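Take a look at this single chain, the form predicted on its own, given in C-alpha cells.
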C-alpha cells in the first residue's frame, strides 16, 4: 500500500491509495497556505463558511440531503496548524461501489465532484459570501476562540506553544483572534478566498477500491470547478530542520492564573538535530521519556512520586519540539518541576535500560501498525510527508528505522535537548 502521486497542474497534486481493506472510499482535499497573523482569522472564517453550501447546493439541509442520497455519505471539514502553515481539511466518505445494490453509479466520482463543488464553488451573493452565513459564522468563530479555555490541558499546551514561538508563525493560534473578527469585510473576505485557492498548495487524496489514477485525473481535469484553478508556485512553508537558538541558560518561565482546581504544567523542549533521519531517534527518546505507561515520566512523576494526575510527553515532529504535559496539585509545582528535570537529566546520562528501549520500540511500532486501520490515518500519514517535502517512507520502512535506533543514539539525542519554555497554569 502506498501513496501514488501525479500532478494535475503545477502546485496541485492527486494522490491515490488503492486498497480493498475497507468497505468505504474516502476523498480528502487539503489546502495548505502560510500561517500569518494577518490571515489566520480569515482562514478560520472561510473554513466555516465553505461547509454552509455551494452555488448548486445553497443550504446545509440540501447538502445533507445530497449526502443521504449518496447512501448515507458523510462530510467533515476543519482547519489545522502544521508547522508554519494553516491547512484546510475536507473529507467525504462513501460506501464502496461493490456494496451498492443494483446500481451502476460510481460513488468515487460522485464524491470527488461534490468535494470540488464544496471547496471551489461556494455560495455567494454580489461577490461576497451570503450575508446571513457570514454573520452566523462570525459568531461561531467567536465562540470557538473564546471556548479554547474550556479544555484546560489543551489550553495550557497552546499557551506554551504561543510563548515558545511568539516570534514565529507557529505561535499563532490556529483560529486567530476574536478582535480580528469584526475587522473582516465580507466582500474583501470573498476576494481573499479567491486569491487563496489560486495560490495555495492543493492536495487531493482518493483512497479505497478505486480505478487507476489516470481515470481519476481525467475526471478532475474535466471538472468545471477544477478548470478554474491556475498553475501556481504554492505559497506555503515546507517543513524543514531548523537550528534552535536558545540554550539551557535562558529558560522562559511563564505563569498564568485562572479559575482551576488542578494546575497544568507544560515544558517545551528544543530538539537540536541535523537531518530528517535523526527524527526516528527522537521518537524513541520521547517514548522512553514520556510516551507510554512504562515511560520515565509516567512511572516516576505519576506512579512513584504521586505528584501528577497526568504525566506524559509528545513529540511535535513538524516543529522538532517535545512537550511535557502534567496535571498537578498547584502546591506541588516545585516538586513536580524538580523531578521532571531529573528525568530529562537521567535520559542524558543514559539512565535507562535495554528493556526500556525495547519496550519503547514496541509501543511505537504498535502505534505505527494502526496507520493501516483507518483510511484517514493513512492519508494523514502520507500528507505529513508531502507537506514536509520529504522522500516518501512506507509504514514498513518507518518501523524498520525505529527498530534500528540504538541506545547510544538515544543518549546522543538526549544531550541535544534543552528546556526552552516552562508554562504553569495555576489558580487565582
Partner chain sequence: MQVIENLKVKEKLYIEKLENGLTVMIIPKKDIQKKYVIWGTKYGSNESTFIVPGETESIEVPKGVAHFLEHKMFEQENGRNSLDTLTSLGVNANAYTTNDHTAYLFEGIDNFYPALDELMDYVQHPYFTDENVEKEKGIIGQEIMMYDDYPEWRVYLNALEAMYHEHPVKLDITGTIETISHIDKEVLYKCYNTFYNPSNMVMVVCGDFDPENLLEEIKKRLIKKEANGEIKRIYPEEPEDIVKEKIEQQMQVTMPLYTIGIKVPPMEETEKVKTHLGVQILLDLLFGKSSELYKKLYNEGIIYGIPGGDFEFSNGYAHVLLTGQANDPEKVYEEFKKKVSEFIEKGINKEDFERIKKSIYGSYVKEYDDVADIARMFLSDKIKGINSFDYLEEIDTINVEYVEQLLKNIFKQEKMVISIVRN
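Numbering follows the first chain given and starts at 1. Note that the structure is a prediction, hence the values are computed from the model and not measured. For clarity, a rigid core is taken as the largest C-alpha set superposing within 1.5 Å between two forms.
Here the subject shifts to the form predicted in complex with its partner chain, a form of this protein not shown in this document.
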Per contact check vs its partner chain in the predicted complex (non-hydrogen atom within 4.5 angstroms), the hit among 209 to 217, 271 to 279, 340 to 348, 300 to 308 is 300 to 308
If we test each of 185, 221, 195, 74 for a heavy atom within 4.5 Å of its partner chain in the predicted complex, the one that passes is 74
Its partner chain in the predicted complex has a heavy atom of only one listed residue within 4.5 Å, and of 126, 139, 250, 353 that residue is 139
Would residue 328 count as a contact of its partner chain in the predicted complex, using a 4.5 angstroms cut-off between non-hydrogen atoms? yes
Taking its partner chain as it sits in the predicted complex, is residue 38 in contact with it (heavy atom to heavy atom, 4.5 Å or less)? no
Is there a heavy atom of residue 372 lying 4.5 Å or less from a heavy atom of its partner chain in the predicted complex? yes
Is residue 84 one of the residues lying within 4.5 Å of its partner chain in the predicted complex, judged by heavy atom distances? no
Pick out the residues of 251 to 290 whose heavy atoms come within 4.5 Å of its partner chain in the predicted complex. 258, 259, 260, 261, 262, 264
Taking the rigid core as the frame, does residue 153 move its C-alpha by 2 Å or more between the shown form and the other one? no
Large Cα shift (2 Å or above) at residue 95 between the shown form and the other one, core-fitted: yes
